Structures are given as structure tokens and as C-alpha cells.
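Here are two versions of the same chain, shown separately as C-alpha cells and labelled structure 1 and structure 2.
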Structure 1
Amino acid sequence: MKKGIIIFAVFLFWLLLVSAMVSLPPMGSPENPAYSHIVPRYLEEGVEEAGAHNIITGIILNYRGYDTMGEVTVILTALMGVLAVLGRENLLHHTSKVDESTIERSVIVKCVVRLLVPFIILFALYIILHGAESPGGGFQGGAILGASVIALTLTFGFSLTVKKLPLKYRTVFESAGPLGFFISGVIGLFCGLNFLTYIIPSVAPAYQDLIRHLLLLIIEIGIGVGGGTIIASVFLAMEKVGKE
């Protein structure tokens, strides 16, 4: 009875949404209002203005740099929230469900993970470093890095990951995202320009492109390493179980 009422209400809401969507402009036509405002400028001059062949990377790091800086702060704050609720793991007091499990882990899984993890990390680094030229970028590469740590933890146990990624390094790497933005952005301030300008005026114009590329690379690496470590830390904090 209760379910029926909910389904009916939700169906009415669906009808409302669909009736609104019929009157939207047809999907996929270049005459869409969303396509005619600022997009041509981004597509025509984005490479020269933002310094990345991948227009999306140019938008998130240059045109909307402040937005991305806030985003990086959001995931750092999320980590802080998780740690405030659950606390850091400590091998003296904590173990994990994976370690406690009495079921022998499959040899096939162990072999495959051991073989694949180096390549996964290499792929993540490629995605991070090549984000300005090809599909990818810091967040995507960071997610892959974090996934490789999770795969390792689930097959080889909690203690291995905690030992291989000691807390003193992780605390630094977790803040790499905002730190990268800070380093790259403040350079513009010191040269009398705006925050996140990526320009050093005293350098010859021929090298201006290279400098902007390097500063964007610093940010990409910061986002990637920071994001990956944050995912790993959140996972480790959730995975731990108190020792009896």
C-alpha cells in the first residue's frame, strides 16, 4: 500500500519532468543556446589563451581555476571530516576485516594484482602528466592511483599498505592539491599580476608557453597525487577494525 502510493507519486513527478523535457531544444544540434554563447571562443582561442590542447583541462585549470581550487579543497575537507569521525588507522590498535578473514586468498587474484598494479600506477601517471594533451587529467589519474592502493589492500592485507604508505608521507601528499595551486598561483602574485595567472613577465616571450605548461603540470601532479592519497586514506580509515 505504502509502496503503491510512493510509486504513484514518483510516476507523477516523472511525467512532470518529461513534459518539461519535451519543450527543451533538440539534443545534439549546434544551434543550442548552450553552444552559442561562450563556447566558440573557448574552442577557437582556448589553446593559445589557456595553454592546453585539451580544452577541458584548459577550462578547469585556467578559465575556472578558482573553481577547481575550491574543488580540491572540498576533497581535502571531506578527508578531514572522515578522519574526524573515524580517526586514523594505527597498526598497534587496528587490524582489518581482510587480515582477520580465515579464507585463503586466491592465488590467481594475488598473481594478477601483483602483476597489474605497477602498470596501473604507470597508467595513472600517464593520465596525470598527459592531461593537457589527451583525455585525462589530475582527478582521473588520482582516482586510478587510489584504486590501485585499494586493490593492493584487498589482496595483500591492511598492514602491507599501511607500512608501504607511512603516515608521515601521506599527511604531506594529501594536501598536495591545494599546495600545487598555491605554488603555481602565488608566482603570478609576486610578479604583480593576479592569482593563478601562470605568467612570469620578466621571462622572454619565447619561453612563456613553456613556463605556463610547467605551472599547469605542477597543479596536475598536485591534484593527481593528492586525490589518489586522499582516496587511499579514506579507504584505510574505513577499513580498519579495532583489535580486541
Structure 2
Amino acid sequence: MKKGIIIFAVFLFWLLLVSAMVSLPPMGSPENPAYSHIVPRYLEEGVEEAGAHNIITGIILNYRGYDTMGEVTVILTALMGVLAVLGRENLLHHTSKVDESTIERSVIVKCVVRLLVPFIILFALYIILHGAESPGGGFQGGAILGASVIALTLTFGFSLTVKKLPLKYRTVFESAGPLGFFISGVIGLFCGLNFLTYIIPSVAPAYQDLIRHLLLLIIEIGIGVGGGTIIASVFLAMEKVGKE
């Protein structure tokens, strides 16, 4: 009896999905709402409404800001899951295969990485800070920051990287993404507006664009710094091995 009820419920759910799929517009059809309404709105009014010359940034942080805030929270949650399984690194109890390797690391590789990593970090900061005006943004800059930490670890070892990026700082920076959304959102609430409202009517019109740009910049910095730190922390947690 119970098995029959489950099969019937699954069948009804399948019918619901099929009926929903049948009512969807054809794939690639020019009459699809995404092509007839949404895209023209983004292209024609995106800069004025979203406050970013980079339309992609305007969509991610403004039109679908709540969704992006959820994505940032998911990334932080993923780090929590990794740490719940693998735990944090500890120099007193952990090392890495790179540190234990008996193969001497190339002097050329060391010199190149030592020379390039500062420029990679500088480029990542540029990508983060100019994401509203040019290609890039917090996610892209954060990935570059995380990659620089991985390059540093693979070249100079686990111990050096952990000393350069102490845990007490990383635990603060890891939550920078959700914190950036919280700060920008709460400012709107204090002004009597909705959460994540970037246009403040009480501010003089001459300064509204500046305020909106600063609020978006806070979020971009939070996403970039938080994302890069999370990538570094996940890598260090996976790289560590117990000392004998």
C-alpha cells in the first residue's frame, strides 16, 4: 500500500514537471521573455538603474543582488564543510608533502614566483576595484588572489604560507563577502529603504551616483577578499598532512 502511494505521488510530480516544460517557450525562440524583455532592459537601462558601466556587474550586484548574496554565503558554507571534515592547519602538528619532499625546488621557479606574486596580487586588486567599470569583479579578483596563494605554497612550502597568512587574519577575511552585502544592505535600511537599495533619495542628487558606486565597491571588495581567502584556506586544509 505504502509503495503504491509513493509511486503514485512520484507519477503526479512527473506530470507536473512535464506540464511545466510543455508550457515553456521554445529554446532559442526570439519570443522568449529573456530576449524580448529582459535583455533589452539590461542593455538600454542597465547603466542608469544598476549604477555600473559593466553590465554584468550591474546584473550580479543589483538586479539579482539577493541571489549573489546567497552564492557568497554558499561559498562560505562550503568552507565550513571542508573545515568540519579536514580541520584547520596547525604548524605544530601539520606539514605538507611539498615540505617533506626531498626534491630540491628549482631556483628559477622560486625567483619567478617571488617576482610575479606581488604583481599577481596587485592585478587581482585592480580587477576587484574596477569591476564596476571594466571587465572583472570580486569573483574574478578573488580567484586570482587564491591562485597566488596556491603558487606561493607549491613553490616555497606550506609552513611559509601559513606564517605569511596567519589563521587569525584569515578567519576574519573569510566572512568578508557576506559582511560586504550586510554593510551595504543595512545602510539602505537605516535610510528607510529596502535591503540592498543603492540609490539613497535623501542624499543630494549630485552625490547619489558616488554613494551608489561606493556601496557596490564595498560588496566587490568583500567578495574578492573573502573569496580569495576561502580558496586559500580550502587549499591549505587539503594540503596539510600530519607530522610523524
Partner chain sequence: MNDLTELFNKLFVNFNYIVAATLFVIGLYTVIAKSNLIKKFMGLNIIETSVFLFIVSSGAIVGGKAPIIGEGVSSKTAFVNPIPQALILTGIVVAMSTTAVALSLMIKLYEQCGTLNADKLKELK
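Superpose the two forms; the largest set of C-alphas matching within 1.5 Å is the rigid core. No experiment lies behind these values; they were computed from the predicted model shown. For residue numbers, the reference is structure 1: its sequence is counted from 1.
ask   = Since only one of the two is the form predicted on its own, can you say which one?
value = Answer 2, the form predicted on its own.
ask   = After a core superposition, would you say N32 shifts its C-alpha by at least 2 Å between structures 1 and 2?
value = After core superposition, the displacement of the N32 C-alpha between structures 1 and 2 reaches the 2 Å mark, so yes.
key: Core-superposed comparison between structures 1 and 2, V186 Cα displacement 2 Å or beyond   = Superposed on the core, V186 moves its C-alpha less than 2 Å between structures 1 and 2.
key: Exceeds or equals 2 Å, Cα of G70 between structures 1 and 2, core fit   = No.
inquiry  = Looking at F8, what is the CA displacement between structures 1 and 2 after core superposition, in angstrom?
reply    = For F8, the alpha-carbon shift amounts to 31.5 Å.
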